[in-house]
Structures are given as structure tokens and as C-alpha cells.
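Shown next as C-alpha cells: one chain only, the form predicted on its own.
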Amino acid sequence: MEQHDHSYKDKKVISIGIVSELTGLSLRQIRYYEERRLISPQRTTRGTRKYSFSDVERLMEIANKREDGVQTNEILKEMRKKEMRSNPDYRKKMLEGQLNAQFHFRNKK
């Protein structure tokens, strides 16, 4: 049952307007958090953003932390640490990305 519950939460089917109503955030705030890479909506072929229930929960977390004065870059660091602890594949991808970035940087010198 848990696996099924998780899958519906991750389906990107909610429009930005509904997300705004559910979270109390403005469209601009939601787009800003996307720009800061705190959330990653899916885009339709026409470019419409689609969000999941997990995204809504994450936005609520972000909004609460911002109200407490936490900067977006600190929120992003915290989210990445949490993801690395809970997802070994994420950790591997992050390390590979860092190694690739270092490789490209060294080769440019």
C-alpha cells in the first residue's frame, strides 16, 4: 500500500494556479523557487508547469523555512543532504556530476 501511496504523490498533474491556492504562495514565489532549483515541475509540450503532491508538500516546507528566515541557498543545501542520506542513487549522481565538473574545469586550464 505504501508504494501505491508514494506513486500518486509523485505524479505531476497539478497546475501552478492550483498549487498557488493550496500553498498560499504567489505564482511569482513558486516560479522563484523553481529558478532556485528548490522544486522541479514537469513541463508539458506547450510549456505548462505541472506539479505533484510531493512538490506541494516541499513548497509548504520551503515557505515555512523562509518565514523562519532561512535563505534559499541554505534550504537547497539541506534538501540535498536529506536526499543523499535517503537515496544512494542520488548520492552517486551527485558525485559523478562533481567529478565531471572537476574534469572539465581541469581540462580548460
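The model shown is predicted, which means the values in this text are computed figures rather than measured ones. Just count from 1 along the sequence shown to find any residue number.
Note that the form predicted in complex with another copy of the chain isn't included here; everything after this is about it.
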* in the predicted bound form, K50 touching another copy of the chain (heavy atom, 4.5 Å) -> yes
* To do: May I ask you to state whether E34 is within 4.5 Å of another copy of the chain in the predicted bound form, using heavy atom distances?
  => no
* Asked: Are any of the heavy atoms in E57 no more than 4.5 Å from a heavy atom of another copy of the chain in the predicted bound form?
  -> yes
* Is it the case that K11, I14 and I18 all touch another copy of the chain in the predicted bound form, with a non-hydrogen atom of each within 4.5 angstroms? -> yes
